[in-house]
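One chain is shown next in structure tokens, namely the form predicted on its own.
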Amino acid sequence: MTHAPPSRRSVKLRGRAFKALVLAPEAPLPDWFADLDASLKRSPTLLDGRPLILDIAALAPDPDVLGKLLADLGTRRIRILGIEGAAASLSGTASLDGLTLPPLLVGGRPASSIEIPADADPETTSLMIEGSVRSGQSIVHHTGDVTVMGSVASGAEILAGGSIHVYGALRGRAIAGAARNPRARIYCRKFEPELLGIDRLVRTAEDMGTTLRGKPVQIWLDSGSIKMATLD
């Protein structure tokens, strides 16, 4: 008795969009790398854990220059997810001098840029945001506290080496103590965050429940776990 071969299910492919940062090198490359190194010195974890796209449209490098560019980024532990703005001559190229070439991408849409704080006076340890932080914005300040006089919108991010104070609603992501400071705290007038972090610990909205939602709240670390309580 012959058995029919088992039916196989088709493989499903799903589309998904992620926000990525774009590095757009310019000539002369030594000057561009000097600026990049200065930015990373001010904010050492600026690119950590972030998907990165390399836009080479303005540079228009030949394969040898592109290979060296990727290698130089690699020495800085910068991993590129994809390449945008590549010339047609690179289409179909899988590797350069043994270095695997990231996928060539098209159709990217611009989004808000990340603000890198400039060199500050050594005595200045806080950053004041007079208004609100809009969706898509990312504020990075590793040298101290960040105070937002307005709100932090959904899709926005605050990363501070010290504490974070939000005088309006906190609806985006807030990470305090990013400079390995477990004593940092987060304060907000209206508690509606997407993600919270202090030092190296994080909690997502799904882990926070609804008890404190909409209330003034403070967040801190205690015995290696994130604690939350109302300010009232």
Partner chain sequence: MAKVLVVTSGKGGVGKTTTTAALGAALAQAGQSVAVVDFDVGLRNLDLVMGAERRVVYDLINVVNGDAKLNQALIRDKRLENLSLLPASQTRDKDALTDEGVAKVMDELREKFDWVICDSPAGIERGATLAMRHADLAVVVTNPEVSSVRDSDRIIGLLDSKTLKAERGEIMEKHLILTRYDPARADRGDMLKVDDVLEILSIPLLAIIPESLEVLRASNVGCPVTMNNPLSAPARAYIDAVRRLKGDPVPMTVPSDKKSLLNKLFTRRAA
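Residue numbers count along the first chain shown, from 1. If you're wondering where the values come from, they're calculated on a predicted model, not measured in any experiment.
Unshown form predicted together with the partner chain; subsequent notes refer to it.
Stretch 190-198 is the answer when you ask which of 24-32, 174-182, 60-68, 190-198 has residues with heavy atoms within 4.5 Å of the partner chain in the predicted bound form. Interface residue among Gly155, Pro102, Gly85, Gly144 relative to the partner chain in the predicted bound form, by the heavy atom within 4.5 Å criterion: Gly155.
Residue contact check for Arg76: none of its heavy atoms lie within 4.5 Å of the partner chain in the predicted bound form.
Proximity of Ser135 to the partner chain in the predicted bound form: non-hydrogen atoms within 4.5 Å are present.
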